[in-house]
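One chain comes next, on its own, written out as structure tokens in the form predicted alone.
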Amino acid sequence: MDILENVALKDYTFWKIGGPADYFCLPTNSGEVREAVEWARSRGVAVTVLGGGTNVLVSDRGVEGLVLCMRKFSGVKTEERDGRLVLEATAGSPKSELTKQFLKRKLAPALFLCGLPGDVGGGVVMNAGVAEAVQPREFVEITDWVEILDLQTLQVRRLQKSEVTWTYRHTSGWQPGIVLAAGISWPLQADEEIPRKVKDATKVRLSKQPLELPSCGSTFKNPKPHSAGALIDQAGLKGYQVGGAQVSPKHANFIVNVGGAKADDVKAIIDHVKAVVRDKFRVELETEVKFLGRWA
């Protein structure tokens, strides 16, 4: 496995934004993940894991140490067993691969998965889900187990779902570790309406979300019982722009790259939106986005 130097990360994020990684690698299996961590430790440098690049904002000043990008660690094994569709998916597998398997069998998880970008590892880490009242709507509902590389022992461990703490857009109990794979299943109970529902949901998202421009998906978590997008819209911030970054006029919870946006532009918008919403509504917005790299 090659360890590269000074690799631009904008090509590995959905926002198309980000400075260089000091060191960079693309492992294809769990052995190479362990090898990369050992390499970094032997040189005393930090390790940053980059999944599908959806919910991250990478600093213009880059990321120190080794960035371990999981996109080539991809593959989904499929089996029908004991009346269930059983999938074993490695961390870098696109969520769209899961969608295909569920949709092929007209199973309910296809409906929420069709609206999620990114990879399986990110789905576990973020307990990814959708706002719509469908079932299932979050990763916790379809996940049976999570496999990690334990960063204390450098051993691979398999945690059952009950050993992981699942909350809104967050999981814990597996750290310090790197998510390697997940076991996913659902009863083989076909719903003939699923293909139509998926098609309709996709049409709605295309009409309401700015999917034609680079973004990270939803920028802020919904501060229940409110909708982050509605609050930002009511604050009059649709179209607010800094440099090449803009609050989407189509959906206020999306910050889009309209051309040449920098991470600092996006960060300035996030800070401004949080301040305005706090002043107008006394609501503190929290980002879904994770900030990677040199921000100080």
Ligand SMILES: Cc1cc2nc3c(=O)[nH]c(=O)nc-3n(C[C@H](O)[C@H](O)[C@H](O)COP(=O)(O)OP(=O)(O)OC[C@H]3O[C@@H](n4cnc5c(N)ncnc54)[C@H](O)[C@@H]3O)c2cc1C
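All of these numbers come straight from a predicted model, not from anything done at the bench. Position 1 is the first residue in the sequence shown; the rest follow in order.
What comes next is about the form predicted together with the named molecule, which is not displayed.
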Heavy atom contact within 4.5 Å of the named molecule in the model of the complex, the stretch among 123-131, 192-200, 154-162, 102-110: 123-131
Non-hydrogen atom within 4.5 Å of the named molecule in the model of the complex for each of Val56, Gly217 and Lys290: yes
Candidate from His226, Arg169, Arg84, Lys72 lying within 4.5 Å of the named molecule in the model of the complex - any heavy atom: Arg169
Non-hydrogen atom contact Leu116 with the named molecule in the model of the complex at 4.5 angstroms: yes
Contact of Val179 with the named molecule in the model of the complex (heavy atom, 4.5 Å): yes
is_contact(Phe14, the named molecule) in the model of the complex, heavy atom dist at most 4.5 Å: yes
Non-hydrogen atom contact Ala89 with the named molecule in the model of the complex at 4.5 angstroms: no
Heavy atom contacts to the named molecule in the model of the complex at 4.5 Å, residues of 37-54 in sequence order: Val49, Leu50, Gly51, Gly52, Gly53, Thr54
